[in-house]
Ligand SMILES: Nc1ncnc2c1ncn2[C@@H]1O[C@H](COP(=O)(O)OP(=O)(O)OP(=O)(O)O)[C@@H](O)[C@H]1O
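This document opens with one chain alone, in structure tokens, the form predicted on its own.
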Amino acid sequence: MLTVSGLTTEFRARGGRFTAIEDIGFEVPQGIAVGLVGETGSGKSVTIRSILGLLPPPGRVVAGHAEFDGLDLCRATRPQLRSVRGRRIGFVAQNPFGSLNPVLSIEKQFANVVRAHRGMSRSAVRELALERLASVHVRGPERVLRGYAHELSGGMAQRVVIALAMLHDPPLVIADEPTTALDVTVQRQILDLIAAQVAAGNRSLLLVTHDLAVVAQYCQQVVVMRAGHVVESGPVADVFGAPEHPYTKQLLAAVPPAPWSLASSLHEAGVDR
């Protein structure tokens, strides 16, 4: 589904240049959830934004490829990227309120996402929006459509963002730490929701997180990053059960004793606490 090879990104300024990620390579197979894991500053988000063409200046991809559906995203034109993002690749960002326009109604934002890729009547857009909001368990979807982002709780806003990301039934979903801005009580609900949406459509998922227990519970494969490099990758059971790189061993050793399901997830992945 997605093949990344040799991906290298630099940030340039007057004082010189800084290589944020270097020679990144991994695959996201069809119908598989892959966890991209590493500590803060390891380059996870830069990797995702390099793939999607969302790097803020002065960052730029200087080498490598990201092949998706026959298109190299790193060399795609802006119109090509616009045609892929949203329609073929759904993106769920860290901060839901940063993904929603504060001055447009939620209904208008659904309409904008739909009409960016296909023509639909206003009534058809509304029907589709209500259907997608219901699929992510939004209470009172009619009221939500009439409202604005600031009227939503963090968890509800992220549900709306997930509904927008799934609007065109994309075969690949990329979620960049989608629960970072949410309360602990809501985090598991959102992760369960993303996993259910991905499984229902036989989609592929690239889940960016710093939480190994989340990867153990929701992903089949894992890519471990450190200081802008991939240091280890493979099936979750293999990497977590018998890590080869010292950094992966350190990450696993740093996982605090976790209650109930998260602890059992690590155990099932082969991590002996």
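For every residue, the number given is its place in the sequence shown, counted from 1. Computed from a prediction, not measured in an experiment: that's the story for all the values here.
We do not show the form predicted together with the named molecule, though everything after this point is about it.
- Residue contact check for Val46: one or more of its heavy atoms lie within 4.5 Å of the named molecule in the model of the complex.
- For the chain shown alone, Pro246 is not a contact residue for the named molecule in the model of the complex, no non-hydrogen atom being within 4.5 angstroms.
- Though the partner is left out of this view, Gln30 does not reach within 4.5 Å of the named molecule in the model of the complex, counting heavy atoms only.
- At a distance threshold of 4.5 angstroms between non-hydrogen atoms, Ala20 is in contact with the named molecule in the model of the complex.
- Here is the short version: of Gln221, Gln217, Ser204, Ser42, the single residue with a heavy atom within 4.5 Å of the named molecule in the model of the complex is Ser42.
- Using a 4.5 angstroms heavy atom cutoff to the named molecule in the model of the complex, all of Phe11, Pro56 and Glu177 count as contacting.
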